[in-house]
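What follows are structure tokens for two forms of the same protein chain, given separately as structure 1 and structure 2.
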Structure 1
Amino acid sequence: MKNYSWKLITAIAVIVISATFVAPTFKEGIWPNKKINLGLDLQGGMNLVLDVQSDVAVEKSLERMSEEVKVLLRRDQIQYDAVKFVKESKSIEISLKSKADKEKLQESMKKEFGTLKQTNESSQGDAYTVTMAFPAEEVNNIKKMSVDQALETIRNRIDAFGVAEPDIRKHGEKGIIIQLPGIQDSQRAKDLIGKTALLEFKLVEDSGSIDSPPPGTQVLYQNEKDAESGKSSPKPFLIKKQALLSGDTITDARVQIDSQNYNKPHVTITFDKKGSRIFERITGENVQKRLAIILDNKVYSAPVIQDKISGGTARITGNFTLDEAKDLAVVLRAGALPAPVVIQEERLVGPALGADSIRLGVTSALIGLLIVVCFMLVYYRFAGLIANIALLVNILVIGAVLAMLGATLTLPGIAGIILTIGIAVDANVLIYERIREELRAGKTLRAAVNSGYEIATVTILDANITTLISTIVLFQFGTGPVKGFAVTLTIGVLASMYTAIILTRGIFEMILSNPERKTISI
């Protein structure tokens, strides 16, 4: 088999495969592959800058620890008057009945809560009070972890929401930038992202008064919708503050339709083994009492426990629409945010603006392509036609690789493609000029072509490899649009090396395989 055969077969295969991957971009549905993803600047969408309230994460940690300290004191039989979290000083204040338990307390705290440090102590009579707080290093560690966890939680929620190619990354010490291309319902997306999703199971206190809640209780509300008028009104519940079970034991949450209740959607949640045991115990110990299911301090349902519930599943019912039920299931599966997030900046890019960007970008690329094609035809004539074929294949390959990898094409990405056109033509110019020199030196056409490719290939590889190094650096350290530029440029440079060095040479070898061919217009 002649040398040019494998090059042409490879070229045909590359063109067919590339066309297969690019085709869905122009006519969706003709092939199972996805079309090329367009970035926020091309198809419109939403850009959000969030601020993670990491101070709240520190407060939550201390508040949770204060409850655990109570358990510890009871376990170690240390008599105390009060254990309370002091929000203003971000500390835990422990008041003992007797100063005699001071050393016992310090030993227990050191063993169980090593991250807390004593910041103050005082005594009055026999009573002894100690104040404990996180050292600065631990505070910074909690804040950093809360931002990292929030980033991961939001990413999981958006993935489950079904947004293609979202761009989610940290911004500064406690900021998060989110770009959602193609998002239509921006309010729903913001609700999904910003929901803290702290799920708790608490008992309803039926004996107290809502107007004057007894100690250890709180008033929370359920949004009750009137079936006839459709109007919503808050329904108060007196709830015990102590959470019996939280959402961190949930392993799954799914939307189901209740066919016996007007096809209303509800969310079925599944607990892990630990959660299952706790839920079974809670329901077993509180039969005929109401158990409130609370998400972000909002009561979703408060059913009466009829019997002990085993099996590790529970239902959250309410006046959900199907979308609301789906979003609730998403946030429960993704987990709770470690701290609330606040939207600092919101920017919506309309589809019309994206369409303008596409039109202008495509127009620029076509004009550049047309100028280059005309120049090559005029200056190199038949050889210019071969270079133009290679150029078109180059663009086809870039589109195919973008679709194949599921990469996102942005406006800077289009700029990368336009730059690639120049790089690809430059490689052919180098080869053709070398062939011209060899012909002027008196070599035969075949010898001039062989020599031209062999000599010019080294120069092309040197130039393209340095460009690739630059694009790798851009991709590694760049963000958003810069990465998009680096991706298309990298693919374009690799494709141009193939088309300029291998594809065009294969065409030349096919032409020169005819022994009667002695000249070629170049």
Structure 2
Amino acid sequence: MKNYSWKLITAIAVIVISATFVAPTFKEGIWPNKKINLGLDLQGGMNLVLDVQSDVAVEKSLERMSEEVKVLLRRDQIQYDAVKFVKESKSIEISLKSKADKEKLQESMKKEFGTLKQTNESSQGDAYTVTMAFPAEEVNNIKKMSVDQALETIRNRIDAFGVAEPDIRKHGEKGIIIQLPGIQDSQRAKDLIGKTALLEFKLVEDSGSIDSPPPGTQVLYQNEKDAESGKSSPKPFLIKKQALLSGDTITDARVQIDSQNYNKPHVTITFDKKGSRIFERITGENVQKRLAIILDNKVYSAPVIQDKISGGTARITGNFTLDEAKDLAVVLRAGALPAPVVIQEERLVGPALGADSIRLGVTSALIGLLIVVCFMLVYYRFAGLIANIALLVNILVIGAVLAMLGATLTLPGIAGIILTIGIAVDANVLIYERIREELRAGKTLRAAVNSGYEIATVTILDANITTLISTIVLFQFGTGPVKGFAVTLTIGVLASMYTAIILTRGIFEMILSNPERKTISI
């Protein structure tokens, strides 16, 4: 008797612990542990896979550097013909007027731009040209950082958007997976996530023609919405290329409602110390000129500077709806993406379909379970009852482990559970058929049960290990829903080995420990 009791104690412990983990799924908040996570296909929501264009981050950082190099050369009084960023070779080309300055340049560059390495040099007469680029290691570094930073920025934006339990993860080298459960307005979410949100303040060039923009300027457009027809048309502006101030100095951005102007919303931004100093200087130097506020190369507004603005705040007006203004404030607060992102994969499940799927999954699982349970009772009678207990414990354990691991239950996951019903029953069938055989061979009940379990165990292990191999491969290579299937099936197979081999045997042994018992219906 003592030998068997530990099996029963563990069995009871397994059931109690499992029930503890599963309970919150049915009645939320009875204790602190979490309920089972439902996949997006079951509760509705959006799954996005983004690709961070990290090459652009490298280009942008070189482009910015080329501007800084010019400043450096001027400071160190090195005469140059041109400093330009070459997009094709991802490098900076510096052309000096005199070869004599070569050493001076190298020294300055080493001191200030140590990450750049010389890749090529050439001289023609007295002129000297040197090409500099990032070494491969630095390129990888910038790419990696751009992905990390993009992840952080997107996380901040989504937090501000107010999605319950979003899941934002890195995927491969430059991908980001975003899961937003229960989201309703998918377009708005995509806009919010995809916006680069590079805010720049640039001066409007008043002289010059839009058809042939003079050097150092570019044409950018503002979307003008006609108040009456509601149609929008692009209005061109001639804008100086040089950005006077960018969005990285913003500390806050808020929506305010303009009571004097038809209750139109606008966004008020606050700069940090450095930003407000620069903003004060620009506005002071450019009174009566127009300052364009540009987001992702689109002009939002281009007000005339009336006076020097101190105090470190500015406002962006435009034809916003309240939601648009709110989203703009969110992206400005969260900062710009270091590189643009492209949506590679988008999966959306409407909440109604999600609810449908869960009903479908649960109902079909229950129907299947019910038929199997009845069948086992009819076919094996009393032993069938024991197998059914094992089956129910099995399902309970799967639920508990899902909750424990914080894994996500998806519709294929439910399919995995249904398949587990088959596998779990199979283990018991193997054992019972064996016991029947042994009984037919004339063994006593106890001997038949013992050898039935022993022989069948080897077979069950063999069969289940191969299933485990394929589920582990599925888990390794699968994504999303397939992974969900692999998770439940793996847990299910492991649980079924426990319930079929140990749990049911414990029950048998308990029953057989009564010396009076000579038969059992099987």
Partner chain sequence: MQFIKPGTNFDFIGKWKIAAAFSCALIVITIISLVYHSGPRYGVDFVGGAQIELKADKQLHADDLREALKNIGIDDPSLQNSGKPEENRFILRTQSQIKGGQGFTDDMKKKLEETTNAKIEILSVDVVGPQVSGELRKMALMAIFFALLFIAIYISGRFEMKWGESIFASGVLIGIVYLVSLFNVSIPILIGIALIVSLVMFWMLGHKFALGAIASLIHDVIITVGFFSVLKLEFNLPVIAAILTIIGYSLNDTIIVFDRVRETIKSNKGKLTFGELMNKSINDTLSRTILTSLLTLISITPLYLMGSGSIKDFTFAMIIGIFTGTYSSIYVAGAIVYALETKRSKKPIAQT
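Take the two forms, superpose them, and find the largest set of C-alpha atoms that agree within 1.5 Å; that set is the rigid core. All residue numbers here refer to structure 1's sequence, counted from 1. All figures in this text were calculated on a predicted structure; none of them were measured in a lab.
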| item | value |
| --- | --- |
| Of structures 1 and 2, the form predicted together with the partner chain | 2 |
| Residue shift check between the two structures, rigid core fit, residue 434 Cα at least 2 Å | yes |
| Residue 69 C-alpha shift between the two structures of 2 Å or more, rigid core reference | no |
| Large Cα move at residue 447 between the two structures, threshold 2 Å, rigid core | yes |
| Once the two forms are fitted on their core, CA shift of residue 42 between the two structures in Å | 3.1 |
| Displacement in Å of the C-alpha of residue 363 between the two structures, rigid core kept as reference | 5.5 |
